[in-house]
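Single chain ahead, by itself, as structure tokens, in the form predicted on its own.
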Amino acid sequence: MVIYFTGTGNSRYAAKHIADILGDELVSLNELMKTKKSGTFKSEKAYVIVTPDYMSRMPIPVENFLKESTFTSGKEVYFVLTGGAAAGNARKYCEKLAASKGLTYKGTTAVKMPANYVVMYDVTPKQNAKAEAEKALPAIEKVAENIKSGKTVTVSEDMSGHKAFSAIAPMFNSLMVSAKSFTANNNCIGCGTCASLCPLNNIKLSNGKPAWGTECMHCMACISACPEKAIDYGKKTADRQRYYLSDEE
């Protein structure tokens, strides 16, 4: 079973290719997290968990959701992180998660994908998303083949930096990650794309415009997928492109 969480499409893209090569079931954590219930996973094959890395670690809300979930039948688990920089010491936390679920840890690996954190830097524009993502296909396919062969996977040297980030991720998440600065400008058409994609159900339409609550994980789905580029994060993103790899890619 290939279980994935995605913000702007990178991890979904990787997970789909891995599932195709493995001939395995594909499960969206986004959909499960929106239900506000813990997950129950059952598979005769190894579990493959594919997520972005936030601060060189699995997103904290995703990690917490998996800790509260139940895994039955399957005995092994692989972790695949997609990110624009490095996976730091994510392996340590993935291994702890595996142990807490009674699963045999088969390793953590990382695949370099286009960066998406528009709040902090310029990103690849949507129209170039597919072409940029395709550059990662050889690495994704290699990971899938290793998993198919039952091999243990590891993080390559070029993706192993930023180890200190992994340790401070929870603090960064609690102090720096907020929805307060998200706003919708007059380009907003009230389509509800942002609300439908928010994995924490933190966005509601009010008088045809999105309103953000107090929960946020900075997955960038709302700002990046908006068809009218109507959402900004303070003044930081006004002149920046948005990266979003759609489900059809």
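Numbering starts at 1 and runs along the sequence shown. Predicted, not measured: the structure shown is a model, and the values here were computed from it.
Another form exists, predicted together with a small molecule; not displayed. Remarks below refer to it.
The partner is absent here, but in the predicted complex a heavy atom of 86, alone among 144, 86, 153, 133, sits within 4.5 Å of the small molecule. Taken together, the three residues 5, 11 and 113 all lie with some non-hydrogen atom within 4.5 angstroms of the small molecule in the predicted complex. Though the partner is left out of this view, residue 62 does not reach within 4.5 Å of the small molecule in the predicted complex, counting heavy atoms only. Remark: residue 93 does not count among the residues lining the small molecule in the predicted complex, judged by a heavy atom distance of 4.5 Å or less.
Although the partner is absent here, residue 49 lies well away from the small molecule in the predicted complex, with no heavy atom inside 4.5 Å. In the predicted complex, residue 71 stays away from the small molecule, with no heavy atom inside 4.5 Å. You can rule out all but one of 116 to 124, 94 to 102, 72 to 80, 144 to 152: in the predicted complex, only 116 to 124 has residues with a heavy atom within 4.5 Å of the small molecule.
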